[in-house]
Each structure stands twice: as structure tokens, then as C-alpha cells.
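Before any questions on binding or motion, here is one chain by itself as C-alpha cells, the form predicted alone.
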């Protein structure tokens, strides 16, 4: 068999495609997030969506706030990872024990009620041994607002949803103006 460049490229494409197909079929798919599992991300998305819900305008989910939190926690605030993960574990343990389901499966009214108690440190302390519930709530609140209203270049505010909601033009990125007057 004569092996020419065309046959080589065909076989190379077949092997590469097989590798891509195999990796998606083996059942070990990652969540698509850098630090969060799918389950953790679902809980965090539910929390963010209660802070900035979608109505006639997009909410936190539409703005990609979870991607902002994931990216910023990985790149800028690695100390927040433990707060997020421990807070989610504590919140889910509380919800499973008291409501027999996960936080994201609760009704909106129940989620808001739990979040209000969490903000005031009023959830039972036995679930919050490794995390401070008010600190966790405030961190989620702060990152949600930053992800929704911040610049899209930081990973949130997908498609400029908050700028369009507020009817703002995309702010021009102006660097440091060190060269005034041509100096």
C-alpha cells in the first residue's frame, strides 16, 4: 500500500475525531467550570438568580454570573474557593435535612426565606461549622453584582445585558493617559 499525504491526512483526521468522540462517551465529563462541580454550580446559579432574577430583562443566569464567579475565584480570589464550597455544602445539608431537597429545587419563596436567614446568621449553626453563613451570603451577593454590572472582559455581563438594561453605551476602555500633550 502506498501511503501518500492525502491518506495520511485522512487517517489523522479519523484518529483525531475518534479521540474527541471517545472522550465525550466515557462518562467522565467535567462540569465546564474551573473549580465548581455541576452540583455546586447549580446551587450557586440558584442563589445568584434570586439576587438578580430575570424578568422582562435578563437576570444573573443570562449575564453569565456563574462564569464570572468561577473565573474570578480561579484567577483573582483563590481564597474565596473554600468559602464558596463550604457554604454550598452547608446550605445543601440544611436544605436536604429541613426540606428534603436541594436548594435549587425549592420554590422561589423558600429560597428567598433561606437567603434572608442566611444573611442574618439565623440558619441553624450545626450546618455552618466550616463556613460563616453571613460571610458566604455577602460573598455571593458581592460577586453576583460584580458579575452582572461589571465589564464583560472579566467574564460576566454576557452580551452587555446590564448595560443594555440600563440603556448605557458600552463604556470605552481608556488606559492610563500618561502621554498628555504629546510628551
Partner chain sequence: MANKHVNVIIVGAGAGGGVIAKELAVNGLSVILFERGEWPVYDKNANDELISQRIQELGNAFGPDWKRNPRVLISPDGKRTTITPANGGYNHNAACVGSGTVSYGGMAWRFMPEDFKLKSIYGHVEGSSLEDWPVTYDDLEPYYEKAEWEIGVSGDETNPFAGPRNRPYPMPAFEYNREARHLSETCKKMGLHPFPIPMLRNSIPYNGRPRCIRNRTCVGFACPVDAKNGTQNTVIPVAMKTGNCEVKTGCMVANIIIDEKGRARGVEYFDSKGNGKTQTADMVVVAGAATETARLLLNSKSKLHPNGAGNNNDWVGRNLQGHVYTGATGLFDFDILDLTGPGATMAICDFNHHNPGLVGGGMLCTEFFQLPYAFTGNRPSGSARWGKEHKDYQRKYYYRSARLHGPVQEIPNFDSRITVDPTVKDYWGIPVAAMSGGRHPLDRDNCIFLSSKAVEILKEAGAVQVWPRGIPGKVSYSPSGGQHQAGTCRMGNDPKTSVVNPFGQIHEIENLFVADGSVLVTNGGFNPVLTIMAIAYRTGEYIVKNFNSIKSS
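Residue numbers count along the first chain shown, from 1. If you're wondering where the values come from, they're calculated on a predicted model, not measured in any experiment.
If you look for the form predicted in complex with the partner chain, you will not find it shown, but the lines that follow are about it.
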Between 61, 151, 31, 132, only one gets a heavy atom within 4.5 angstroms of the partner chain in the predicted bound form; which residue is that?
151
Which listed residue (82, 93, 112, 101) meets the criterion of a heavy atom within 4.5 Å of the partner chain in the predicted bound form?
112
Does the trio 50, 54 and 167 actually contact the partner chain in the predicted bound form, every residue with a heavy atom within 4.5 Å?
yes
Would you classify residue 39 as touching the partner chain in the predicted bound form, given a 4.5 Å non-hydrogen atom cut-off?
no
Give a yes or no for residue 67: in the predicted bound form, does one of its heavy atoms lie within 4.5 Å of a heavy atom belonging to the partner chain?
no
Do residue 121 and the partner chain come within 4.5 Å of each other in the predicted bound form, heavy atoms counted?
no
Is there any non-hydrogen atom of residue 45 lying within 4.5 Å of the partner chain in the predicted bound form?
no
